[in-house]
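Given as structure tokens, the chain that follows is alone and in the form predicted on its own.
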């Protein structure tokens, strides 16, 4: 693993009316902690609160109003982080009635929410990651968009511009607008969509060797690979933004009649996918369709590991690693191999949850052990 400049770490966390926590204030050891408790006691909710300070929404896809404790109107999450020789404070609050979200970094509200994204440097491993492999293409597009928005300057802006233009173009298609009016949106769609496609294809090509290596290490020699499944013909190597935009324009022209019939844009990054392919019997098969549960979980963990590698490379620091019962439903062989990889690669703060004391624990058993019971954490 290459050296990094620094490590981020949670020093403190304070919650008020978040999920099942009425009031909670914790101080974290620099190395991390193992949180032990039965299902339903709030283990995942705790990790959800920590990750909320990275992207200001639930990693489980829940709307903000569902994060407010039952019977209350406002939740508040505050984290203090150590990193690069100084402390940093990130706060987020949401009011159910007004549907207003407030975010502050070191006491100041950013001009745009996007300016505060990625302020921690967190990667979360969760059983819900199965949807990255077995779920719909939209789940994998969301994964790509989050990783790249947090780690590739300019990506989030390009994605937002693309989505705005796509919305207008689809409205024009539904209303039967003229060719001239439709063409007015095509150039912007191709320009910004080409940038999104180029960034995605470049990142997937970049992490493909690392994904294959980690998958094989966990799976005991079985092989799998990732590739960008684009609705725009891209060729064998990742294109630049201009080449991707030109290919996009050609597809828009070719599919124009069909799009008018369907009333929607049929090509572009909103239709693309991250292909995860299992290599077997001299060929390849989609892991989501033909992989076992163990193989799909292996691929999901390998994806999270390459995400952590991306954080190290892009931000120059070790990520905080959140592990939500990651060894559930894995056989001992895979669990042991995952543990070895995590021990070797993840050198920053680790906060893990488990339903019971386990020998499968990072830092060779040196992490502090906390217990959680019905929204109360016993340190």
Partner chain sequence: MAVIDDLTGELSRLPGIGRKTALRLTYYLLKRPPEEIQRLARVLEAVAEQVRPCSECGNLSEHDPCAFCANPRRDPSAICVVEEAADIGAIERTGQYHGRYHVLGGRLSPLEGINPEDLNIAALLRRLGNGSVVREVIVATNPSVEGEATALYLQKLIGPLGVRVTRLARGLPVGGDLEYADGVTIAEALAGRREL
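All values derive from a computational prediction rather than experimental measurement. Numbering follows the first chain given and starts at 1.
Separately, the form predicted in complex with its partner chain exists; it is not shown, and the next lines address it.
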### Query
Quick one: of 100, 280, 168, 76, which gets a non-hydrogen atom within 4.5 angstroms of its partner chain in the predicted complex?
168
## Note on the structure
Picking from 140, 288, 195, 297, the single residue whose non-hydrogen atoms come within 4.5 angstroms of its partner chain in the predicted complex is 195
### Task
Within 4.5 Å of its partner chain in the predicted complex, counting heavy atoms only, one of 170-178, 265-273, 121-129, 220-228 shows up; tell me which.
170-178
### Message
How about residue 183 - does it come within 4.5 Å of its partner chain in the predicted complex, if we only consider non-hydrogen atoms?
### Response
yes
### Task
May I ask you to state whether residue 158 is within 4.5 Å of its partner chain in the predicted complex, using heavy atom distances?
yes
### Message
Against its partner chain in the predicted complex, would residue 233 count as a contact residue? Criterion: heavy atoms within 4.5 Å.
### Response
no
### Query
Though only this chain appears here, would residue 292 touch its partner chain in the predicted complex if you measure heavy atom gaps against 4.5 Å?
no
#### Entry: Contact set, 137-154 vs its partner chain in the predicted complex - heavy atom within 4.5 angstroms
154
